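In the form predicted on its own, a lone chain appears below as structure tokens.
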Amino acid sequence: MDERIPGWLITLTASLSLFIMVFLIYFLVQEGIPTLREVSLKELLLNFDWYPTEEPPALGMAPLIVGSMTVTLLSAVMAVPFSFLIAIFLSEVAPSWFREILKPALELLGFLPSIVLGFLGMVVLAPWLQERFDLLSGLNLFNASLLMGAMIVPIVASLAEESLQAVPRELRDACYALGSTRWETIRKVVLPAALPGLLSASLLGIMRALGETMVVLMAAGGAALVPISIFDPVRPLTSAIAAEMGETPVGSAHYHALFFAGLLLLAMTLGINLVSMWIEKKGKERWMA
């Protein structure tokens, strides 16, 4: 067998993936930019009226953008500290036999289909919230954020644990040799050394939450409003695209606006990805120094 064949196959696969990605971006731009002929960019981003089926259509995406950002932020606030505690326990406290059981189980939870979480949110969590807090509906920002937080915990915890494991053992041993306790070693040596990896893990989890569709479609309530309370319904960008695209006439202003919403999501996730790469690069430079 020619030894060059595996290299050709890898190159072909990578080139095909790159081509598909470029095609998708081109398609998004081609179908999304025409909406700027109907409404200005300022009105699109800052107007709070999303009534795309009216005549003329109101295409203000501010409530959709705020919905995406609030669900993502609240889920990160609930999930990231909990994920870090799990990662510290697995890396620094748990015995090796227990870690070998819990780590694969944690990674398997990361593959839990989001529709299962959305279903639990609709039939279990929403009725409980409605009865417990005397709400008109349990499908709201808090419900969606809680489910989203549960979805990203395995991802953030697993990546954070790997970052903690990557801290050289010599640093821990030197700290113990100076008389430090385990908690002091974790707080003053391990966590600062692993900080770039922990931040990258958090950003990857946030990026996952920002792009999630099914959970917010089923549990967020679907109202294009700016939430005043955590129990108000919201309609994130992904939810609007999934719910409205199937009933939208091709080539209409509404159709192009939904593709523009996809472009906004792409820009947001790309920005988070670039920040994550920058943090990782700074972390490597710090270790090299």
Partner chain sequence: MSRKLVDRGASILLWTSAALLVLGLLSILAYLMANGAESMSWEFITRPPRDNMTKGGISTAIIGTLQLVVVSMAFAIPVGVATGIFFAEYATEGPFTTALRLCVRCLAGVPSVVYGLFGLSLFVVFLNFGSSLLSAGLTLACLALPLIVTASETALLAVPQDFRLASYALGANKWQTVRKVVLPAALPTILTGAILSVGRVAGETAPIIFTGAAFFTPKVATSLFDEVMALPYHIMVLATAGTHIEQTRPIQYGTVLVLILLVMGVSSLGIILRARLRRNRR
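Take the two forms, superpose them, and find the largest set of C-alpha atoms that agree within 1.5 Å; that set is the rigid core. Positions refer to the first chain, counted from 1. Treat the numbers as computed from the prediction; the structure is a model and nothing was measured.
Although it is not shown, the form predicted together with its partner chain is what the next lines describe.
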**Report entry** is_contact(residue 152, its partner chain) in the model of the complex, heavy atom dist at most 4.5 Å
**Finding:** no
Requested in this report: Find out whether any non-hydrogen atom of residue 3 is located within 4.5 angstroms of its partner chain in the model of the complex, and reply yes or no.
Outcome: yes
Query raised in the report: So in the model of the complex, does any heavy atom of residue 88 sit within 4.5 Å of its partner chain?
Result: yes
Query raised in the report: Can any non-hydrogen atom of residue 262 be found within 4.5 angstroms of its partner chain in the model of the complex?
Result: yes
Query - Residue (of 36, 46, 58, 28) lying close to its partner chain in the model of the complex, criterion heavy atoms within 4.5 Å - result: 28
Requested in this report: Please pick, from 241, 224, 66, 253, the one residue with any non-hydrogen atom lying within 4.5 angstroms of its partner chain in the model of the complex.
Outcome: 241
Query raised in the report: Can we say 214, 217 and 245 each have a non-hydrogen atom within 4.5 Å of its partner chain in the model of the complex?
Result: yes
Query - Partner-facing stretch of 191-199, 72-80, 96-104, 129-137, counted where any non-hydrogen atom is within 4.5 angstroms of its partner chain in the model of the complex - result: 96-104
Query - Partner contacts in the model of the complex for 252-279 (non-hydrogen atom within 4.5 angstroms of its partner chain) - result: 255, 258, 259, 262, 265, 266, 269, 270, 273, 274, 276, 277
Report task. Spell out whether the Cα of residue 15 moves at least 2 Å between this form and the one not shown when the two forms are superposed on their rigid core. Result -> no
